[in-house]
Every structure is written in structure tokens, then in C-alpha cells.
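Take a look at this one chain, the form predicted on its own, written out in C-alpha cells.
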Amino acid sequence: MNKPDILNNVRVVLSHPSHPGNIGAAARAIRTMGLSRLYLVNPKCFPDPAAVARAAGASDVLDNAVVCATLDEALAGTSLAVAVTARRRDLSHEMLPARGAASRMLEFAAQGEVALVFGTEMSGLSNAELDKCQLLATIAANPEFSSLNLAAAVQILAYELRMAWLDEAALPAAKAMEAASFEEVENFYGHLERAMIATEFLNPASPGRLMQRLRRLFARARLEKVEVDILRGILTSVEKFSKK
């Protein structure tokens, strides 16, 4: 196992950051922990001198940052996306403390691309953004004052990733499977929704929270590529049968 390759497979995603200073501080935070890949989803101000100033020498991270229009674009090619949130949500995915989430991420990073996703400074990640991720990570802050600056939260998760990387003996053995990619899983969700509409199980005029519940159900399963192929094969068979 090549240690540097594992950390190189981790991308840190900041969704809709509003303050360029926080982008620079986040770049510095991940650079100090041996990470280097920064993705920005629709940043309000970037590039910006304030980001460079706060990066304090980690300008290479800013220079190579990938700016994306959507979270889907930022997660393309990943097999695991971990959302960092301070709030417990109804219908939530599995939630792990930062340390446990870091170890889980490195299991998947040994096989391919993974993402650590942070939301806006003011409101964090939306429910729609959480539905694009498979796991939630939380920081065990003081419950009476749990609000963390974005860059501080990035620093804590980056530290835990580095500690998990250094303590290789503590990492669970990588599973002998090929995880489904973000695109494959999203295509499956689209296929599932179409099949449910075709069989009249889902009323598109009144969908409720059905797709949200199903997304979170399958997120807990950590779908493998072959499993997605099987599920889509079943859906295709159902669609053919319903047409008859």
C-alpha cells in the first residue's frame, strides 16, 4: 500500500463558500496535514487576494483548486462522499465521529477517489446536498457552543485523516470489492425513480420523501459496482414486464 497515494485520493470539497479568507485558511489547513486537493462548488469570491493571504504559503493548493458549478461535478468519480455536519437530521445517514469517519474514508481511498464535503459558513449543507453523500461525520464539540469556523472544521477532519493514515495498523483491511462510483449510483437513482413512476408506485405529482428515504437506505448499503448492475438489471426487467 502506497501511503501517499491514499491521501492523494482524498478531495476536500467546500460547497458555496462565501468568504475567500476561509478558502485560503482551509487550503493551509489541509496542506499542513499532507492533503492537497481542494474542490470549490460555486464560491462567491475566488480567486481572491484574501484567500492567498490566509493560505500562508499553501498557494499551490489554491492554484490547483478545482472550481465546480455543482456538487455533482465535484463528486464525479468518487466512490464515497462524507458530509461534515454539526446537526443530527431526521432520516439521516449513518453518522460517525470525525475519527471513525476518517478511518472509513481511508478504507475507500485505498481503492479510489473519496470526498470530504463541507457546507456554507452560515447554514452548512442542505438536505439535498446531504443526499449526495453516503456518510455523515461530526465533530465532538462543546454542545453548548458547537459552532466551528469552516477552516477550523476542515483542520480537525484533515488531522484525523492524517492520524488514520499514519496509524496504518489501525485501519481495517480494505474490502475486496469495487465500490460503485458517484455517477453509477446517481444513474441508478434516476433509473429507480423512472421505474417506480412507470409502475405507478410513485406519483410524480406527489412524491413525498420516498426518493430521499431510498437514497439514504442505499447509502447505508455502500453499493458495489456489481450490485448497482444487478439492481438496474432488475429494474429493466420490471419495466419490460410492465410494458407487456
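Each residue number is its position in the shown sequence, starting from 1. For clarity, every value in this text was computed on a predicted model and none was experimentally measured.
Just so you know, the form predicted together with another copy of the chain exists too; it's not on screen, but the next bit is about it.
Interface residue among Cys45, Met177, Ala53, Val67, judged by heavy atoms within 4.5 Å of another copy of the chain in the predicted complex: Met177. Heavy atoms of Met196 reach within 4.5 Å of another copy of the chain in the predicted complex, making it an interface residue. Not displayed here, another copy of the chain is approached by Arg222 to within 4.5 Å at the level of heavy atoms in the predicted complex. Though the partner is left out of this view, Glu129 does not reach within 4.5 Å of another copy of the chain in the predicted complex, counting heavy atoms only. Pro97 belongs to the set of residues with a heavy atom inside 4.5 Å of another copy of the chain in the predicted complex. Applying a 4.5 Å heavy atom cutoff to another copy of the chain in the predicted complex picks out Leu210, Arg213, Leu214, Arg216, Leu217, Phe218, Arg220, Ala221, Arg222, Leu223, Glu224, Val226, Glu227 from 207-228, in order along the sequence.
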